[in-house]
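This document starts with one chain, in the form predicted on its own, laid out as structure tokens.
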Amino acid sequence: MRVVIVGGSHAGIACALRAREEYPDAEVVIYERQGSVGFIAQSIPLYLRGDRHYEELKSYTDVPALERQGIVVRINTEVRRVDTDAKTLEIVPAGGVPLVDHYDHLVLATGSYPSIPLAFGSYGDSLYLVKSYEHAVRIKELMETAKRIVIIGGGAIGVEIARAMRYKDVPTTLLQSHATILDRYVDDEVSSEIIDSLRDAGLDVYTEALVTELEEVLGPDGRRQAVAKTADGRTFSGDGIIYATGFRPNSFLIGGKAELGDKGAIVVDDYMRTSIPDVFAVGDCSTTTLTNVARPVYIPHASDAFRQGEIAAINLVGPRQRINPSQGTYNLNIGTRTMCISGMTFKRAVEEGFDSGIASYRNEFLDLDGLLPREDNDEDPYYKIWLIYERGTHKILGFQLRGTATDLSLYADLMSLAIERGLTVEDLEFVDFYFKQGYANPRSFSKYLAAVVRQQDPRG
């Protein structure tokens, strides 16, 4: 059996390793058009901040490590065409001539690409994208000389990059087309608090700033300037513009053959099968099923990529293992602050037809005489939780947490499991969670949230 995987990022690597485990006698081949595998784009902010651990954190494997597992890896090789009837691929090694390969089972792990600018204009080399190691190097070079940088996009990427700029004392303007930032992840109150903290840290944040035109001009001092113009006539300039408006699925390889869904992602079932026999799609090129959400959606998400890759491998020769739905669980590091998210926002819950409520609770550390890490204008160390629940049942639908404590990411995993299993706030109220020494209220957060929910929505 010959298993061919197109793409050497998270999903492709996970699939290859699990296929080797499940089918020891199979041929497992990865084709990757880049010169390396396993790059972790989430490490780019670390690189921009100058983190000394970046080299160790930017990847978790390499070609020799995979080859030692019996996986054939062909880097610098592009797959240009797939004939799903003949089960063949046209591949082109860098600097070489086109070749034909064949497969018994094909797994597409082609990932995503940065959303291209929708604005008009000519911007030359002053536009910067955020996806690959090469993109990160370009941005780092820009930071060394820039007097100001403009970031377009107030999602997770834009906010993390903006915070890295502030860390390196690079004056930065963040433009967001919507009224709130991180609007896909958090509700308005949370977004408002994050905007305030970014502004307090010295970042210029502008919402409802839809960029419609980009251009490159020479400034009064002869330096090249990148200019972004918004729909309402405002103009913002800097030495470079970082375009961080998210990603789109790279589904072009079989886009005319397989069924496509949200944002053009390849539609897959619970076994990661596409509409074409023996063709699977995993990671950022495919759709994802979310808990409590009616239709599959497109959410590029590293942890889902790993899960989907393994699920596809298990099901190569037949449906054996369904994938658990995703909760869209994230841990964003914004300076010394952590932002954890799982499940639906309140806005999304209402859109999905839930009669929803939102409860919040804030807990603070005791005064430890300044021993905990602080940033300029930070409050005392704390965490604050927003819980989205269904009225009547008190089922947990979503969770957002923000704070400066060091162990907050553990809450995201816990709440992801609670949401997947359909637990209520009362289910968590008396669970044996560890004693929170050092907090003003050392008992579990679940006790306080349960009390707030019952006050808002008594069940009788």
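In this text, residue numbers run from 1 along the sequence as written. Keep in mind that what you see is a predicted model, and the values were worked out from it rather than measured.
As for the form predicted in complex with a small molecule, it is not shown, yet the points below apply to it.
The candidate site formed by L253, A302 and A305 is fully in contact with the small molecule in the predicted bound form, as each residue has a non-hydrogen atom within 4.5 angstroms of it. Within 4.5 Å of some heavy atom of the small molecule in the predicted bound form lies at least one heavy atom of Q42.
The closest non-hydrogen atom of Q34 lies within 4.5 Å of the small molecule in the predicted bound form. Contact annotation for T77: at least one heavy atom lies within 4.5 Å of the small molecule in the predicted bound form.
Taking the partner from elsewhere, F247 is found to have a heavy atom lying within 4.5 Å of the small molecule in the predicted bound form. None of F236, W386, Y330, Y271 but one reaches within 4.5 angstroms of the small molecule in the predicted bound form through a heavy atom, and that residue is Y330. When the small molecule is considered in the predicted bound form, only one residue from I157, L182, L198, L316 comes within 4.5 Å through any heavy atom, namely I157. For the small molecule in the predicted bound form, the listed stretch (99-107, 198-206, 142-150, 294-302) containing residues with heavy atoms inside 4.5 Å is 294-302.
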